[in-house]
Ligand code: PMV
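Below you'll find only one chain, the form predicted alone, shown as structure tokens.
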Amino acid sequence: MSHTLKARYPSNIALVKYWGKYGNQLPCNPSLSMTLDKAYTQLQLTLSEKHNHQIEFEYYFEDKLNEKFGDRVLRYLQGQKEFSSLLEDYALRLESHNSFPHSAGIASSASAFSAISAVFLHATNPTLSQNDFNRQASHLARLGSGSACRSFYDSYVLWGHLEEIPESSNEYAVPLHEIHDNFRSMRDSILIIDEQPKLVSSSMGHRLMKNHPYAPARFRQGKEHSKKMIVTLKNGDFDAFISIIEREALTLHAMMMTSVDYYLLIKPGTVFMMEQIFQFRKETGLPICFTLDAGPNLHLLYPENIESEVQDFLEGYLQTHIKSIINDRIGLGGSVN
């Protein structure tokens, strides 16, 4: 006899970056993200009764057994006491599908671990209120992938303690509710510059922040930018929004380039498109800006009402400097049933 649960949770793009951690997946500075809509992980958990004490666990990604990521997920599950009874009592099979391609500049671990923590928490405690469920699932997801904790809420999400936000915490993320109309219908066009897997993982990048000569200044900057971004999201100031987001993106990559074991993830095409975005914004006065995760692909952020102008601009660089474009938008969070 078996039972099946399904979850669908989105990725998110950090506007203020989390880079550097301590303890058990705790952030060295607050971060603030925008939840995506079309970039998500669809996950199915099948629990089948068993009559032995052996762990039976399989993880399938895109219909193929993925032992490497499955081992990571199993270690994560074994580390959470909340899930111990499921591992003891059931044979577990996870089947995962992403709506977006690999190496697209979209945080796949964020959507994956938010879906994993949600489906297992629902399996163990299905009667939680939505607020309690989201907070507990966010805490649990953080232990698998830090950025995953921000994928449980719609719109804009804060992770990390700030005195100005009493409910904020390093342990889990919280939603931001006071959002100006200017930022309620944002678009995110993800510009695929390079499709190759990055050579240095985000986990390694976080480790290189330990003893980084500029780490203390970066952590102070991240905290100040989080405070300023919260004010900006309330008052609708596009100029401040653009300034914070682009400085955050460039600072993230500056930290990589100035680590003891320094490395470079941006590509010539990344720099070229940044310069074209600067020029387009200067010439048109339109409120567009870019950000990057730990990779070469750009996220171009802009309000819905200028979508046609931005798409016309991007069309001129498709195939020459941009391999493809994934058009996404601000999202509503996830669900499990």
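A residue's number is simply how far along the shown sequence it sits, counting from 1. All figures in this text were calculated on a predicted structure; none of them were measured in a lab.
The same protein has a further form, the form predicted in complex with this ligand, not shown here; the description that follows concerns it.
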None of 36, 273, 43, 294 but one has a heavy atom within 4.5 Å of this ligand in the model of the complex; the exception is 294
Checking 251, 202, 99, 155 against this ligand in the model of the complex, the residue with a non-hydrogen atom inside 4.5 angstroms turns out to be 202
Among 161 to 169, 121 to 129, 138 to 146, 80 to 88, the stretch whose residues bring a heavy atom within 4.5 Å of this ligand in the model of the complex is 138 to 146
(message) Each of 189, 241 and 299 within 4.5 Å of this ligand in the model of the complex, by any heavy atom, yes or no?
(response) no
_How about residue 109 - does it come within 4.5 Å of this ligand in the model of the complex, if we only consider non-hydrogen atoms?_
yes
Can any non-hydrogen atom of residue 206 be found within 4.5 angstroms of this ligand in the model of the complex? yes
Checklist entry - residue 14 near this ligand in the model of the complex, any heavy atom under 4.5 Å? => result yes
| task | Indicate whether residue 9 is a 4.5 Å heavy atom neighbour of this ligand in the model of the complex. | result | no
